[in-house]
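Below you will find one chain, with nothing else, as structure tokens; this is the form predicted on its own, and questions on how it binds or moves follow later.
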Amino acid sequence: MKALDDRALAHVADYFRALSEPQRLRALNALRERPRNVSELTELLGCSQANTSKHLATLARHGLVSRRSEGTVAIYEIADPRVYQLCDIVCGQLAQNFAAQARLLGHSTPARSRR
């Protein structure tokens, strides 16, 4: 990867901010299975339709999801499936970190109990 200028880095940071909200990650995860309408996503996210729409607008602004209309229903789907590669890398790294922490805690717990 080549060095990025400050303007490009600001765009990268904004992209990652879009992915930093758990509800948006839940929406992306729900859309991994198939395209969904706003009502379905609202139910899956457990928040208001206005809040769901706000999250979807953020994801759309960053090119992560796309929206199409079917009559009066808005359908959202993944616009850039590479986001799942990014999520899989991050989730895999976190899983490794948690496993390492668990191993460390598992090794240190008996030593503490001997005191």
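The first residue of the shown sequence is 1; numbering continues from there. The structure presented is a predicted model; accordingly, all values stated were derived computationally and were not measured.
Beyond the structure shown, there is the form predicted together with the DNA, which is absent from this document and is the topic of what follows.
Peer 1: Among N29, Q49, Q85, S66, which has at least one heavy atom within 4.5 Å of the DNA in the predicted complex?
Peer 2: Among N29, Q49, Q85, S66, a heavy atom within 4.5 Å of the DNA in the predicted complex occurs only for Q49.
Peer 1: Determine whether any heavy atom of I78 comes within 4.5 Å of a heavy atom of the DNA in the predicted complex, and answer yes or no.
Peer 2: Output for I78 is no: heavy atoms all beyond 4.5 Å of the DNA.
Peer 1: Using the partner position in the predicted complex, report whether K54 sits within 4.5 Å of the DNA, counting heavy atoms only.
Peer 2: K54 belongs to the contact set for the DNA.
Peer 1: Could you confirm whether L44 comes within 4.5 Å of the DNA in the predicted complex, counting heavy atoms only?
Peer 2: Contact with the DNA, no.
Peer 1: Would V73 count as a contact of the DNA in the predicted complex, using a 4.5 angstroms cut-off between non-hydrogen atoms?
Peer 2: Taking the distances in the predicted complex, the answer for V73 is yes, it comes within 4.5 Å of the DNA.
Peer 1: Which residues, if any, of 10 to 38 lie within 4.5 Å of the DNA in the predicted complex when only heavy atoms count?
Peer 2: Heavy-atom contacts to the DNA in the predicted complex: R17, E21, Q23, R24, N37, V38.
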